[in-house]
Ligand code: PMV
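Presented below, as structure tokens, is a lone chain in the form predicted on its own.
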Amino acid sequence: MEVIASSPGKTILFGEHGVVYGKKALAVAISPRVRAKVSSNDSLGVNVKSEALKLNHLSTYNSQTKKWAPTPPDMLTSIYVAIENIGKETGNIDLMNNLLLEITSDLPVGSGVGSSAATATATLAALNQWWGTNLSLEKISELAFLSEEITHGKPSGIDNTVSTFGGLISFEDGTIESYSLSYSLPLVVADSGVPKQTSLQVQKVITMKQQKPEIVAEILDAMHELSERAIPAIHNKNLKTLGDLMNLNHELLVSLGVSHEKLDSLCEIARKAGAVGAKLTGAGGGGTIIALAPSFNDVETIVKALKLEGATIISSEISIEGVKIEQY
């Protein structure tokens, strides 16, 4: 017997940086997924294999010391924490033997598209099915958040929520709301190849806010308004309006000083290739952009144009589905 569960990655549609100051941000699940396969083997303990991380580790959990031995590598710690937490939550802590967990991923690691959260939610869902414990999606998301704390220190909760429920979510001042979607956006997510500089970009905004508080406040308020207007545009399938809002959001991020010439160039190339909107996504200073096509028929033209400029395509549509069981 084996169980396979999968979870989608995510991208930020609107509101990066503003969300740090209590403004609304929107995020969507994207089609590439992480898969977790659970099966039994002859080894005592839990054997975790990660194709993306090129790691293979076997540890046994001691319920008296509440520790794994030997200590898992840092890159696998959050996965072992997820296993431990669901074991405790379901009363199966002493059944965590002879387990093989194999992780495969369509998502690039460290690209800001939520690979760690997708890994945690897929792992939790697979074990939930394996043990037949019927945890709710809310509980799976909650346990995935605990793993995200290991990976990111102080996560917002956006990544695990998107990976669990799929579709569209909003995040504002600590409150997360999930929206159902009846269709998939023709959204292209492309990696610029320029390394991310998250902490540097966050500090840029902090410094600018200290030096020009009124100007930055107006920019952040404008970003919040764009997020608010984007929700009805998405639900009404008004892609032209949504694209216009994306373009405005990018210009606001440029005015905060968190863009990069490569990101600006890729956004412009995407628009010239037919995208109705394009913007950087995430902290900026490098990393990824998103481009919205007017229809799925136009996606390939945009993808080709971005590839010619050296961008790596991560996704070309969103995922309505969140975590799911693919095989059992």
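A residue's number is simply how far along the shown sequence it sits, counting from 1. Just so we're clear, the structure is a prediction, and the values are computed from it rather than from any experiment.
Although not depicted, the form predicted in complex with this ligand is the subject of the following passage.
Using a 4.5 angstroms threshold between heavy atoms, Leu220 stays clear of this ligand in the predicted complex. Of the heavy atoms in Ile158, some are within 4.5 Å of this ligand in the predicted complex. In the predicted complex, this ligand sits within 4.5 Å of a heavy atom belonging to His152. Proximity of Ala311 to this ligand in the predicted complex: non-hydrogen atoms within 4.5 Å are absent; the residue sits far from the partner. Stretch-level contact check against this ligand in the predicted complex with heavy atoms at 4.5 Å: of 279-287, 297-305, 266-274, 49-57, the positive one is 279-287. When this ligand is considered in the predicted complex, only one residue from Gly167, Pro186, Gly112, Pro72 comes within 4.5 Å through any heavy atom, namely Gly112. Among the residues Asn97, Thr104, Thr198, Thr133, the one placing a heavy atom within 4.5 Å of this ligand in the predicted complex is Thr198.
Annotation for 1-39: interface residues with this ligand in the predicted complex are Lys10, Ile12, Glu16, His17, Val19, Val20 [heavy atom within 4.5 Å].
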